[in-house]
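Only one chain is shown below, in structure tokens, and it's the form predicted alone.
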């Protein structure tokens, strides 16, 4: 019968252009170029590979501002069947708990999801909380920081995967429905196609859900529903870099020069 796979992606600001509001202590996204969080594209690619192999469908969802629709259009143009943009001013300022709550509720509303995939972390916060948070709220088993998908057994409805730990490699098995977070570099995301780009613009392919449609209490979402408190933000400027270019035609002399420089700087 195939797999219905839900993939969570995040529309993140370019980390080189990040600014913070010192009063609200939140990230300023207006006027900053955004992209799809790179590990999330690895999750989309894995979902498409699993659908192509086992059948089923791929639904990609993102909680964010209206501009996040561009990220969903990219995922659909890669081959995803459907996109859901969860967008409402009421969601603004959400921490990872409030975000996990909204995404878990969205997956429940889809009703027949077998597998939920997320990137391991986001480049704007690097917490790695959302995938595991969704698994806890749904009561589903999870495989976090997966480095290789091994197999899916339709008869037993079990997935097997591999993840690398400091002390070795761990093989993990989980019964569906389950949540998996995908490590960056696990695959090479396919490029969008022209046909996919045209399909992404068709009415109904990408739906927009707000908090009223999803039936949320405003006190449970967004900034008001986020227990995380940022007490202080300190902007640290990177130190100036120094560099010199030397003639490398004489490797022995170049090595002596390098050692002398490192000794002068107290490095060796």
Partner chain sequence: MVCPEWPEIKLEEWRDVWVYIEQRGGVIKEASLQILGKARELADKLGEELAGVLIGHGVSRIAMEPIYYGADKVYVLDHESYATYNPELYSYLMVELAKMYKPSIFLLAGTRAGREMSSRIAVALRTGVTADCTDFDIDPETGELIQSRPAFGGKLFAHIKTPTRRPQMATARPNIFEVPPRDETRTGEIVRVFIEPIKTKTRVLEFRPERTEGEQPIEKARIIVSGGRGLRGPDNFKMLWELAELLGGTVGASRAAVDAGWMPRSRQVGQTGKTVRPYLYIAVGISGAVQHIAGMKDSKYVIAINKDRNAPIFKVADYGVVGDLFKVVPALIKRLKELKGGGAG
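Positions refer to the first chain, counted from 1. We call the rigid core whatever largest set of C-alpha positions still superposes within 1.5 Å between the two forms. For clarity, every value in this text was computed on a predicted model and none was experimentally measured.
Beyond what is shown, the protein has a form predicted in complex with the partner chain; the following relates to that form.
If you check the partner chain in the predicted bound form, you find a heavy atom from every one of 127, 136 and 164 within 4.5 Å. Residue in contact with the partner chain in the predicted bound form (any heavy atom within 4.5 Å), chosen from 93, 189, 141, 192: 141. Residue contact check for residue 219: one or more of its heavy atoms lie within 4.5 Å of the partner chain in the predicted bound form. The partner chain is not drawn, but in the predicted bound form it has no heavy atom within 4.5 Å of residue 152. Residue 122 belongs to the set of residues with a heavy atom inside 4.5 Å of the partner chain in the predicted bound form.
None of the heavy atoms of residue 109 is located within 4.5 Å of the partner chain in the predicted bound form. Residue heavy atoms within 4.5 Å of the partner chain in the predicted bound form occur in exactly one stretch of 69 to 77, 82 to 90, 193 to 201, 143 to 151, and that stretch is 143 to 151. Heavy atoms closer than or equal to 4.5 Å to the partner chain in the predicted bound form belong, across 165 to 180, to the residues 165, 166, 167, 168, 169, 170, 171, 172, 173, 174, 175, ordered by sequence position. Residue 165 shows a C-alpha shift of 2 Å or greater between the shown form and the other one [criterion: core-superposed Cα displacement of 2 Å]. Residue 203: CA moves less than 2 Å between the shown form and the other one after rigid-core fitting. Superposed on the core, the two forms barely differ at residue 227: its CA moves less than 2 Å between the shown form and the other one.
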